[in-house]
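Here we start with a single chain on its own, the form predicted on its own, put down as structure tokens.
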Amino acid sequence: MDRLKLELPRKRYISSRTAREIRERLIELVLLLAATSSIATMIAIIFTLVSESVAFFQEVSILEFLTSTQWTPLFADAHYGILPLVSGTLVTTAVALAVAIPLGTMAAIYLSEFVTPQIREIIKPGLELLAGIPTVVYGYFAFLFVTPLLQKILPNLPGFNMLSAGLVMGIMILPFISSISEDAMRAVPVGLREGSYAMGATKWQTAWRVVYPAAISGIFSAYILGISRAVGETMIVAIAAGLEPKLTWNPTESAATITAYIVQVSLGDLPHGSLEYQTIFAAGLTLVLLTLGFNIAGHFLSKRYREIY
């Protein structure tokens, strides 16, 4: 009888422990699936782009694709040079970064080193609201407000131009750069600031010569995220920059970007499997490789200048 009384609690304990282990294994499996879902999605995207692009490059030589200066795949006299789309993408991205990097860095320094907590509670949410505005709204803002404003300064500026599109893209990616840069600067140990003040440095000297270099790896990550966001932006450039592929490095001219071309062609009535339809995937693959190149460069820069405290 006594032995039976001891066996029952023991069996209940073993059963409870087994059930808990099963639950933990299930939770671990769910977390693993969540962690690998992004990788699986990326593999599926790359597979789709590459499989369709292979069919495209069986008809068009890679040399023509990379070196021709004309992109007219929908015309009777078709040319398949991606350079006009790449130049439009790079110019709008450069204009956007010329706005976003200085302003975002200054905003991050101010929010991290100078602002009082009360003012920070007002400015930071307001800044981050910019990231929540739909890009189509930004596009019409660039087309209907920024372009007429610029035309008062530059009377010959056409209605569609890369300058207004790039400026508004810079405003759009400003919260990404400022927020991540601020987080990186706030992670810098307080001891570095105290050491700087002890040496007689001012607040600005400490922020610019001590905190900023110490947080440079995280700030580089913010810049790379901004570049990737600008390269992949679609609606602003489609609305404000025009849809005319031409090889130009002048931001005051109209041009088409890779994403704008993809949108333009995807909305058409091209038959599935045609060469014109496959240009979407060749352009998309170029865009992915371009973004991948920026990310790899950013990874090595972050690793090169990373500080460990």
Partner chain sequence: MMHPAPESESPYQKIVDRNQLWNRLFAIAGLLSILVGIITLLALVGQLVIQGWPRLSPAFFLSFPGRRPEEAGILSAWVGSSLIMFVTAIAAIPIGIASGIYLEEYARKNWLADLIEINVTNLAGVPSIVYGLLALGLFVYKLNLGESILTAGLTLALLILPVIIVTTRESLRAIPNSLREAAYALGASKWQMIWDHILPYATGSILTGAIIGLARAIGETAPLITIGALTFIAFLPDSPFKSEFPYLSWNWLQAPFTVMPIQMFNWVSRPDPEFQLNAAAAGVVLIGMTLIMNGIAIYLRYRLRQGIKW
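If you're wondering where the values come from, they're calculated on a predicted model, not measured in any experiment. Positions refer to the first chain, counted from 1.
Note that the form predicted together with its partner chain isn't included here; everything after this is about it.
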Using heavy atoms and a 4.5 Å cut-off, decide whether F56, E59 and A187 all contact its partner chain in the predicted bound form.
no
Tell me the stretch among 90-98, 150-158, 71-79, 233-241 that has any heavy atom within 4.5 angstroms of its partner chain in the predicted bound form.
233-241
Contact residue in the predicted bound form, from T252, T67, S38, S274 (heavy atom within 4.5 Å of its partner chain):
S38
Its partner chain in the predicted bound form has a heavy atom of only one listed residue within 4.5 Å, and of L163, L111, A215, A222 that residue is L111
Might L174 be said to contact its partner chain in the predicted bound form, defining contact as any heavy atom within 4.5 Å?
yes
With a 4.5 Å heavy atom cut-off, would you call L301 a contact of its partner chain in the predicted bound form?
no
Indicate whether I280 is a 4.5 Å heavy atom neighbour of its partner chain in the predicted bound form.
yes
Determine whether any heavy atom of L103 comes within 4.5 Å of a heavy atom of its partner chain in the predicted bound form, and answer yes or no.
yes
Are there residues in 141-165 with a heavy atom within 4.5 Å of its partner chain in the predicted bound form, and which are they, in order?
F141, F143, L144, F145
